[in-house]
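Okay, so here's just one chain, in structure tokens, the form predicted alone.
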Amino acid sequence: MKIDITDYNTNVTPTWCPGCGNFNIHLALKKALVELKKSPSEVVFSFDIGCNGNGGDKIDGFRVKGLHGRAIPLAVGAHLANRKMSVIASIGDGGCLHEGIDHLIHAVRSNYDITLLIHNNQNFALTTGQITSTTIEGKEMYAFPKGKTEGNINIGELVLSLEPSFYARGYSGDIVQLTEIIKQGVKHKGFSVIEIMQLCPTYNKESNHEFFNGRISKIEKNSDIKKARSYVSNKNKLYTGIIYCNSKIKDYYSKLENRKGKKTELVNEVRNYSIKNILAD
């Protein structure tokens, strides 16, 4: 069956601000899945709360939306239940690095075979632009007119410190490269972390096309973690592409001794069990 990008469309009209990076991110995501010849019936999307989460009804497939910061564990559960599905989690920098940072850390170290899209627009946009741990220091934000008082979190440095199997960085203004990055992330057997530098013309006007285009430098797939760390710590350039990939790290499910040799998925093994004997005891 031929898969077309319109197969992923829904009849819901997007409500994002004009110029929002989510338009391009969703287009790149749909293009990637179509080019991978995956139908909506083969994909599970786990959406977080926030502007990224508003995309939950704008792309077809099996979709679930959870509490703020909890998109990753929902995706993990879906993957472990049925590995035949491609599972993609979508979360903002706020939810991921605040309420959800523990989920990010443990998903990297466990290396679940799912793909994570971190929409990094450097603010909590849905609630009118509060600061996050990626907001530029000194930037005036809602409730913080003199800028944030806390330190920063560099997503790339955090993820690479955990020695992941896959970390990439894309830009919402470059659909072609972002499409290819998402394709590589979905094909990778392990936890694929994809940070997407996202335009937010309403609450982060300083980080516009001119800002990114003057700093972005594209790279090919890299397997040297020292080089990867130098890429993400560079203060003058923003490197995009497959920053680091290590295919030798086994994914979580492959290391489960009690699942070796099993032909069925966990979702096929769910059935009713009698507890009469337990109650009798």
Partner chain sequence: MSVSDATDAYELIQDAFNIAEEYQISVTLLTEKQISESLFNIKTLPQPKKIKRGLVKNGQKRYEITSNGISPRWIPQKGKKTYLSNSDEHDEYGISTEDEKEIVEMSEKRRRKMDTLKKKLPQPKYYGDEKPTLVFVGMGSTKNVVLDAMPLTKKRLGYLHYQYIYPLKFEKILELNKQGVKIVLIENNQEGGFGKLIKEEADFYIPNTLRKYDGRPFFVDDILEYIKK
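Numbering follows the first chain given and starts at 1. Everything numeric in this text was worked out from a predicted model, so none of it was measured.
Below, we turn to the form predicted together with its partner chain, even though it does not appear here.
Stretch-level contact check against its partner chain in the model of the complex with heavy atoms at 4.5 Å: of 37-45, 24-32, 237-245, 218-226, the positive one is 37-45. Taking the partner from elsewhere, D60 is found to have a heavy atom lying within 4.5 Å of its partner chain in the model of the complex. Although the partner is absent from this view, M85 contacts its partner chain in the model of the complex, with a non-hydrogen atom inside 4.5 angstroms.
Contact check for N272: a non-hydrogen atom falls within 4.5 Å of its partner chain in the model of the complex. Using a 4.5 angstroms threshold between heavy atoms, V64 counts as touching its partner chain in the model of the complex. For the stretch 1-31, the set of residues having any non-hydrogen atom within 4.5 angstroms of its partner chain in the model of the complex comprises only V12.
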